[in-house]
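First comes one chain, alone, set out as structure tokens in the form predicted on its own.
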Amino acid sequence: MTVARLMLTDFRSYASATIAAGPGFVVLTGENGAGKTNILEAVSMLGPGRGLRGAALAEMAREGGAGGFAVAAELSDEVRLGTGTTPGAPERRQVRINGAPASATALGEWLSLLWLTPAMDRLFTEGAEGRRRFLDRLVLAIEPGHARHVSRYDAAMRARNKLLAAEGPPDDAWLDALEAQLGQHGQAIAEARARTVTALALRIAAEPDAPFARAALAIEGWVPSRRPLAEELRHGRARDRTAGRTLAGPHRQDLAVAHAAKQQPAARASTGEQKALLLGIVLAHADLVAERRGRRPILLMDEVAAHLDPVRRAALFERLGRSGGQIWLTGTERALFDGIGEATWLAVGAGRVEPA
């Protein structure tokens, strides 16, 4: 399934834009700051979550606009998806599927989305939170229901932390209820992550080591024990109250990535090797999604070509073209995409998107 038409209203730098896209490569070229990444972000909003920037909804509304925004798409099978906000509720996301109100998590049933952005170059060297979000996006592309478990787990954990931090003795009955929710959704999150990492690690192991280095994957940090999570949390209330936060659960996990051939943590690999590792993970995962869900995910790749040497760039285009699916790419000049073959070429600038 692909995006055949994308319509933007008061989104970021666009007062209004309509983009017709083909089923394969969609290449956006333009100067830095022209608004190319804004278009990829708009496509990413057709799935659950806050998109590839992880921004607040209010930030997505165009400056000088009415205060809300809309992103709508017609998919290749004539399904219509839409999302946005209204001026009176800038942080309340609205979603429609074929004109009917729906939840944001329901979007995952229609589209699988994966992306690579320049900010993700720091994925292996920064904190675990970013790697958890990355891992959850990988899971979500295969198991759309994962989004519901993550959102409900996060809400229950915030409520538990707030309750533990309150003055006076906590409400044990309310804590019991919250910990039951954390146990239910936390177990589902941990199991889904483990399934995805195991399946992805097997697929990556079968790939050649070049031109994109093979990654070894594992989950570190908190590990589910034989004791249910709800029970573990109940016994840890005094400890967590002292710490000011919940110290057990899948929010304490980390995705560990290593360069398989060198048996070296990704954080200690060179910048080029880290980029190759990340590309290898995403490409293998796209194949896994296609196998599990019967359709390829839409790939959003922001400025990827500019940071690859010519050999890896050609290998990337060849691999993507051979695999199929819709791939949105951005770059400052068309020459970066020499040899890509047939594509939808779009020029971006001054709040406009036109065929190139």
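Residues carry their position along the shown sequence, with the first being 1. Model, not experiment: these values are computed from the prediction.
The same protein also has a form predicted in complex with a small molecule, omitted here; what follows describes it.
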Problem set entry | Close approach of residue 297 to the small molecule in the predicted complex, 4.5 Å, heavy atom | no
Exercise. Are any of the heavy atoms in residue 53 no more than 4.5 Å from a heavy atom of the small molecule in the predicted complex?
Worked result: yes
Exercise. Residue 37: heavy atom within 4.5 Å of the small molecule in the predicted complex?
Worked result: yes
Exercise. Should residue 31 be classed as touching the small molecule in the predicted complex when contacts are defined as heavy atoms within 4.5 Å?
Worked result: yes
For this session: Go through 285-293, 43-51, 59-67, 307-315 and give me the stretch that gets within 4.5 Å of the small molecule in the predicted complex, heavy atoms only.
Result: 59-67
